[in-house]
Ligand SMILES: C[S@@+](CC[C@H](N)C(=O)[O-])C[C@H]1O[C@@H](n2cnc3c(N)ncnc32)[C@H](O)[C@@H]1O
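Okay, so here's just one chain, in structure tokens, the form predicted on its own.
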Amino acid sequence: MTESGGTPMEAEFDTVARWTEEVVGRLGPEHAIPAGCRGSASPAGLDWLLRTCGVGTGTRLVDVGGGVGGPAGYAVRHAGAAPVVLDPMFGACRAASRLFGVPALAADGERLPIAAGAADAVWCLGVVCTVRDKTGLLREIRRVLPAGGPLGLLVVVGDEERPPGAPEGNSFPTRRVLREALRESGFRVRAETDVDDLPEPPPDWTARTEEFEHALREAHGEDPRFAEAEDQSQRLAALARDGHVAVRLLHAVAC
């Protein structure tokens, strides 16, 4: 348990979100997007999603589980999109709004506060493995998209649902289970790739990420919630090193 009575997932996704806003405020706005994209996507991955999903000027992009808003901020800067971030954690929503000036609403995947068919595109990055009802989440996403609307996913897939040492609150779909869930939810996969097959981040992105991580550790490394969030990340990294999980990007369209 955390000092505030929360779980390691709350430490990872809510407490660290609030700390991210604080640390970026000290380091400067050039650190906002790299810091806000930690654990979600690299520039090459985000460019892949922008391209395959056809995100451009004015695209109404709904980022489901968008965290502190780094990918949404990237979509604004590099494509002129008009995103809204939805996340169940209030700290993440506040950080997304303050760091990137995007609308951010507290909501979970069971009931998105978006009208049916109102989104031009949806992103859902690193979220599917954190919910139990994966098909329910995908069906709710399908509801807010019109026929033919694009969905961009970043999903941690596994060789089993809960390999030994899996982070708390994570259950990993196999590739087959993920495709079945998408099909049952009304999506057709158009393209996919492993994140490891994409180019590495540019040096300035890596440097700013490392500067942020150093400053975050300096400011909060003694807090037990920092250790809990780090443990979650390290467990996932260990599974990836051992080949139990892989990170996939998928582009699907609503049928």
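Every value quoted in this text rests on a predicted model; they were computed, and no experiment measured them. In case it trips you up, residue 1 is the first one in the sequence shown, and so on.
Here the subject shifts to the form predicted together with the named molecule, a form of this protein not shown in this document.
Comment: 121-129 is the region of 94-102, 172-180, 121-129, 142-150 lying near the named molecule in the predicted complex, near meaning a non-hydrogen atom within 4.5 Å. Contact annotation: residue 73 falls outside 4.5 Å of the named molecule in the predicted complex, judged by heavy atom distances. Proximity of residue 209 to the named molecule in the predicted complex falls outside the 4.5 Å heavy atom cutoff. Interface membership of residue 109, defined by any non-hydrogen atom within 4.5 Å of the named molecule in the predicted complex, is confirmed. When contacts are judged by a 4.5 Å heavy atom cut-off, residue 88 counts as touching the named molecule in the predicted complex. If you take 194-215 and check each residue for a heavy atom within 4.5 Å of the named molecule in the predicted complex, you get nothing at all.
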